[in-house]
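Just the one chain here, the form predicted on its own, laid out as structure tokens.
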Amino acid sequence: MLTIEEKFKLMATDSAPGQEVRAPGTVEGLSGDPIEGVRVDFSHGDVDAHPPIPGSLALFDQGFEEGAPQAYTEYRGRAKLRAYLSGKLAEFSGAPVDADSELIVTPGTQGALFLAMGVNIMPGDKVALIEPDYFANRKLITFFGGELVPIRLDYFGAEGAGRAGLVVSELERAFADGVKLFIFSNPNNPAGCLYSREEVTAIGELAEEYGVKVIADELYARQIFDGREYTHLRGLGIMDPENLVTIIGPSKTESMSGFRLGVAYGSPSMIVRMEKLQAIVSLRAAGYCQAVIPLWFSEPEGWMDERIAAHAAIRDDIVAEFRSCPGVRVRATEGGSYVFPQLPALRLGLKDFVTALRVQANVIVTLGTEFGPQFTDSIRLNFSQDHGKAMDAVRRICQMIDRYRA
């Protein structure tokens, strides 16, 4: 059993996105003059380059002016806002959503993830997750005392085949071996690949066969590129509704991260437990921030198409630039705002190279090891940035790769 110190050491945040140690320091083997350029922080999106939905501030102000009714909403979120969301999410996912029993508004999707895992994991439970996948998943499994069961995602091997690369045989073995909960993000964070209908169907059928609960993280489900089909697990109607909860929010594609809004919808039994947990963690999602919910899924005509097209253009140029750098391997993003390039052999270890990028090239990226301990040759970039600045920063990354090649 872990001590409290060991438990929180595993929850380390120094290298997590946006939280890496920024103070300049010396790294053994670090050499060469600084490469000039504006600082670009690829650990998260730039809401200045891609502003929130128009009208967000005005609705926030209206909520503030309304006062107590908006400030002190029900723990699940204000009833009229849940009613609005239930209709929009039903249309989006292809399955009805009951506003009273199947939906909770949370402090960001991170809050929804914490609650969903908190009400499903008991100490010793086996929990399966994809590798690579969202960095917080493995930390929360450890925090709640679960046993982590990794499932390989062959994202390079499946490129061009219309699949994310789920190794279904590994998933079935894990389920048969007693896994109680499975967590996955679609599109995948960090690799940016999209699960095919066949892969999502396999997840649902296996979960139903073995009685496994599923948390489907669909945070980037609205930002899909190149006309690809998106498959909602909930919309397939394969699983017992009591065993599935879906998470989504307006923080990424819609650039509303600062409002800290998320939603979990699905299993009524999970939602009621999540409400009880939220009641002692944060009470509710911030009331005034909830007031902006009516803009989500109701953006001005053409706004979402323009947002997706702008990101597709940045993606195309960044992927092309990395592919022009000898030894770098990268799968083109199919959904979301991430690329996860694999680097060639370098004279520096990954952590030192990431430090060198920050110190010498004024570029911040996220360590691949945040998404699985084996990704010692990968970095993650969130390309929701100013297009020109992002391209200049990627060129500096390639210069640094050349500088420190083994």
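Heads up: residue numbers just count along the shown sequence, starting at 1. Nothing here was measured: the structure is a model prediction, and the numbers come from that model.
Just so it is clear, the following notes concern the form predicted together with another copy of the chain, a form of the same protein that is not shown.
Novice: For the three residues E301, M304 and A312, which mark the spot I'm curious about, does each lie within 4.5 Å of another copy of the chain in the predicted bound form through at least one heavy atom?
Specialist: Not a single listed residue reaches another copy of the chain in the predicted bound form, so no.
Novice: Specify the contacting stretch among 52 to 60, 32 to 40, 359 to 367, 345 to 353, defined as having any heavy atom within 4.5 Å of another copy of the chain in the predicted bound form.
Specialist: Going through the listed ranges, the match is 52 to 60.
Novice: Please identify the residue among V328, A71, L148, V168 with any heavy atom within 4.5 Å of another copy of the chain in the predicted bound form.
Specialist: When another copy of the chain is considered in the predicted bound form, the option within 4.5 Å is A71.
Novice: Since exactly one of A99, M239, A158, A136 fits, which has a heavy atom within 4.5 Å of another copy of the chain in the predicted bound form?
Specialist: For this set of options, the contacting one is A136.
Novice: Test of understanding: in the predicted bound form, would G211 fall inside 4.5 Å of another copy of the chain by heavy atoms?
Specialist: No.
Novice: May I ask you to state whether A191 is within 4.5 Å of another copy of the chain in the predicted bound form, using heavy atom distances?
Specialist: Looking in the predicted bound form, residue contacts with another copy of the chain do not include A191, since no heavy atom lies within 4.5 Å.
Novice: Is R260 close to another copy of the chain in the predicted bound form, meaning a heavy atom pair under 4.5 Å apart or at it?
Specialist: R260 belongs to the contact set for another copy of the chain.
Novice: So in the predicted bound form, does A285 come within 4.5 Å of another copy of the chain, heavy atom to heavy atom?
Specialist: Answer yes; at least one heavy atom of A285 falls within 4.5 Å of another copy of the chain in the predicted bound form.
Novice: Are there residues in 369 to 386 with a heavy atom within 4.5 Å of another copy of the chain in the predicted bound form, and which are they, in order?
Specialist: Heavy-atom contacts to another copy of the chain in the predicted bound form: nothing from 369 to 386.
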